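Taking the form predicted alone, here's one chain by itself in structure tokens.
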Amino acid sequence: MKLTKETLLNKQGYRLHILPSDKYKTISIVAKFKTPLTREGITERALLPHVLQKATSRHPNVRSLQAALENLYGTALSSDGTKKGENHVISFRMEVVNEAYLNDQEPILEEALELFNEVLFEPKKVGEGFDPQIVEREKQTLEQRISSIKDDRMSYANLRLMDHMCEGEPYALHVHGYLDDLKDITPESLYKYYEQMVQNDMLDVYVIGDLDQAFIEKMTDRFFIREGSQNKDNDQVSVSKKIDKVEEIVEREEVNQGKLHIGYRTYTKFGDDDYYALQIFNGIFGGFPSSKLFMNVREKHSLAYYAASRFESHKGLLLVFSGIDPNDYDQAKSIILEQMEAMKKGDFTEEQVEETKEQVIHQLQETMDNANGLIEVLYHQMISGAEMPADQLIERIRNVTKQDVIDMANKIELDTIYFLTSQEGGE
């Protein structure tokens, strides 16, 4: 939120965010690599975090690397890849005990940063590529992950909704990559992509905890500088297409429970003035257990096993998820669409607006109480160019009026209705 104590420094090849806080007993370090979403490279990006976490030049296998982490008082290391609008972000996270709380004052943080540097910039190399055994093992794991998405019907239905709704847009790309690409990836080709990534991606490094700022700056300059990188922001801006006609898609699989997922365009993104109204809109519409979707589709009419909504902050999408009996499609669809019309007409109370504002603020405060959660909020703000102090952000939420929510509702447009149903189920 741009915390008053946050320091942002533009360094050689990276942006450094230092957040001194005595709230945490550990120190969290997060490195984020961002680049535009493209079909070429998306599968490599899904694979890379897992390969990099398995071995370094000094720790050539999983056991050795894990032992090094354990020796640093159980330092935790994790990574993942996500979509942020039309961009892809790979995050590496390390959580290390604060040596100030240890009796023997070992240089734990320095050693942890050195290990982090190895994971990111000194991976194990065999010939001109990564270790073939590690790559092959991680390819098999990723293949299983991609193949198993179909088994999680809710995730699969959301994937198919995005395939149809965002066809031709970068956001439609699958974050786990594609089986067709996976088979052609070699240790050498993956290493070549890795070299491009560490050189050209926009890199942000966050360090948060009870720490000495001068020491952190000195350490990160030692371990994160990218000599040849200009660290240019190559942000790919999301464009919301205009809707000519609503698409309605029914697909049949061997399922017991139908998945009715509906996609809307909000034309509002993180950093826009009416983003706060969107937060309150979503809370009343489908974001909380007291929402219209939950109360009307699930509780009142008993038509859904679940019914909820969420919005994608950097793409301007609102998504509705519901699990229904395949034969209840028409009725469930009608009631969901009716809830949107009710929002457009202002069919909700001032009291609901106030209650939802408190829920949204409580959720935000809970997120910020966690070091990684706070970093995510700050990163959202950073990449959208909408940095502001926490108290100002909360004030913007508190200032949302019922009319603001109605105006937001009337800006939202229905784009795609997707129904995954059984072979013999209704339409």
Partner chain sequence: MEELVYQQLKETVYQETMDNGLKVFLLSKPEMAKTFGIFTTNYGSIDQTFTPIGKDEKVTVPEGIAHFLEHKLFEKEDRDVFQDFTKLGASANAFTSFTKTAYLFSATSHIEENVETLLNFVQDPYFSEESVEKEKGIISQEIRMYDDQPDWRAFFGTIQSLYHEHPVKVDIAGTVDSIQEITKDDLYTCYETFYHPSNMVLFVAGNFEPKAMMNQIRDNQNQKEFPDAPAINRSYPDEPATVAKKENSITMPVTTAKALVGVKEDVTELEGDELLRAELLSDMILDYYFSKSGPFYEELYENDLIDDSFSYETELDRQFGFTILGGDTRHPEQMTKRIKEMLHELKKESISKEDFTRMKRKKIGQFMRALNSLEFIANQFTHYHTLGVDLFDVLPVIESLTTEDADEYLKHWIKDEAITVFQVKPQ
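For clarity, a rigid core is taken as the largest C-alpha set superposing within 1.5 Å between two forms. Please read these numbers as outputs of a predicted model, since none were measured by experiment. Residue numbers count along the first chain shown, from 1.
There is also a form predicted together with its partner chain; it is not shown, and the following applies to it.
For the three marked residues, T38, V377 and E424, no heavy atom of any sits within 4.5 Å of its partner chain in the predicted bound form.
Think of it this way: in the predicted bound form, its partner chain has a heavy atom of just one of K345, K150, K241, K192 within 4.5 Å, and the residue is K150. For the options V97, A308, A172, V198, the one in contact with its partner chain in the predicted bound form, meaning a heavy atom within 4.5 Å, is V97.
Contact annotation: its partner chain lies within 4.5 Å of heavy atoms from the stretch 285-293 in the predicted bound form, the single such stretch among 272-280, 223-231, 179-187, 285-293. Under a 4.5 angstroms non-hydrogen atom cutoff, its partner chain in the predicted bound form has D325 among its neighbouring residues. Taking the partner from the other structure, its partner chain in the predicted bound form has a heavy atom within 4.5 Å of a heavy atom of E355.
When contacts are judged by a 4.5 Å heavy atom cut-off, H59 does not count as touching its partner chain in the predicted bound form. Within this chain, D22 lines the site of its partner chain in the predicted bound form, having a heavy atom no more than 4.5 Å away. Contacts to its partner chain in the predicted bound form (heavy atom within 4.5 Å) from stretch 350-387: E351, E355, E358, Q359, H362, Q365, E366, D369. When the rigid core is held fixed, the Cα atom of D407 travels less than 2 angstroms between this form and the one not shown. Remark: with the core as the superposition reference, the CA shift of I108 between this form and the one not shown reaches 2 Å or more.
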